[in-house]
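As C-alpha cells, one chain now follows by itself in the form predicted on its own.
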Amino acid sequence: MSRPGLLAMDSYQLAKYATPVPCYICDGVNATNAELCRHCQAPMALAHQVQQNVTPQMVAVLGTTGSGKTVYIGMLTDMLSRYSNELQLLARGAFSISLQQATAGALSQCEFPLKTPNEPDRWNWVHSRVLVPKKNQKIELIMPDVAGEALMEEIEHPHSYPVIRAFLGKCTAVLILIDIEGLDEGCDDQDYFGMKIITYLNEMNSDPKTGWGSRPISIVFTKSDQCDACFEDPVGFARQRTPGLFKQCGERLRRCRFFASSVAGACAFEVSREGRFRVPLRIEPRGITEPFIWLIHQLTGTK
C-alpha cells in the first residue's frame, strides 16, 4: 500500500516551449528546442543568434556542381579569418567553422572537398561578423554552401527547394561562380547557367529600386589558373567566352563586376574505378578575396 505524499510538478518548465521561434530564413514557426527548421531545414541557431545581436545580411554563393563553391567559401573564410588586413572575419557559432575546417583539411591532403549533398539539412551555413578596420565598421553575414544540383532544380522548377527561394529573396548580394573549365573546348553550359540565374533573380524581384537590378553581384570565373587571359582581363574574357551572360549583365544589372579566381596553382587527374578526378598539386589562392571585398564595400558604402 502506497503512502500519501506531495510531489512537485515541473510542468511550468513546458511554458518555455510554448513560445514559437520563427526561422530566420523562411519565417516558418518552430519549437524553441528545434535544431533545424521543419519547413526549410535551415539551422535554427541562426534565429537564436539573431535575437541577441544585430540583424545579419545574407550573401549567396551560387554555381553549378563542380564550379568550386565549397572550395571558394572555405578558402575565403580561412583567408579572411587569418591573414587579411583589409577585412577581418569572425565566426558566429561553432557550426560556422565546419566548412573552413573541412576545406583546409581536404586541400592539405591534396584533395578537393566532397560534393555538397542535395539535402538542405546537410548544407554548411557560415554566419560571421565582418570587420572593416580602416572604416571602423562591421557587418554580419550569412552564407550557405548551396548544392549545385539543388540550385539547378530550383531554377528549372521554381519552388522545388523552398529554402533556396526564401534565402535568395532575402539576400542583399550574390557571388555567381562560373567554371571556365570547358569554355576553351566550346562548351556553353556555363554561359547558359549564368543567363538562367540572372533571369531567375530578376523575375524573383524586378523592382527598379529594391530588385536584383540594383543589388551588387560579383561574377567570378573559377579555375582561372588554366587561362592567364582571364586574370589579365576578366571583362574581355566574359565578352568573348560568355557573350550571353555578358549581355544579360549589361542590360539587367547596374552594380555588377567580373573577377577571376583560382585556388590550385597546378592540378593533375586521378583515374580510378569511380571516374576521373582533378587533384590539386599545390595550393596558390589567387583572386579569392577581391570579389567578396568589392561586395562588402558596395553594401557598406565604403571604398
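Predicted, not measured: the structure shown is a model, and the values here were computed from it. The first residue of the shown sequence is 1; numbering continues from there.
One more form of this protein exists, namely the form predicted together with a small molecule; it is left out here, but the text below deals with it.
Proximity to the small molecule in the predicted complex, defined as a heavy atom within 4.5 Å, holds among H39, R254, R278, K247 only for R278. Residue-level contacts in the predicted complex: of D191, E154, E140, D225, one residue has a heavy atom within 4.5 Å of the small molecule, and it is D225. With a 4.5 Å cutoff on heavy atoms, Q49 does not count as touching the small molecule in the predicted complex; it lies far away.
In the predicted complex, none of the heavy atoms of T242 sits within 4.5 Å of a heavy atom of the small molecule. For G28, no non-hydrogen atom is located within 4.5 Å of the small molecule in the predicted complex, even though that partner is not displayed. Using a 4.5 angstroms limit between non-hydrogen atoms, K115 touches the small molecule in the predicted complex.
Partner proximity in the predicted complex, defined as non-hydrogen atoms within 4.5 angstroms of the small molecule, places exactly one of 164 to 172, 107 to 115, 192 to 200, 124 to 132 at the interface: 107 to 115.
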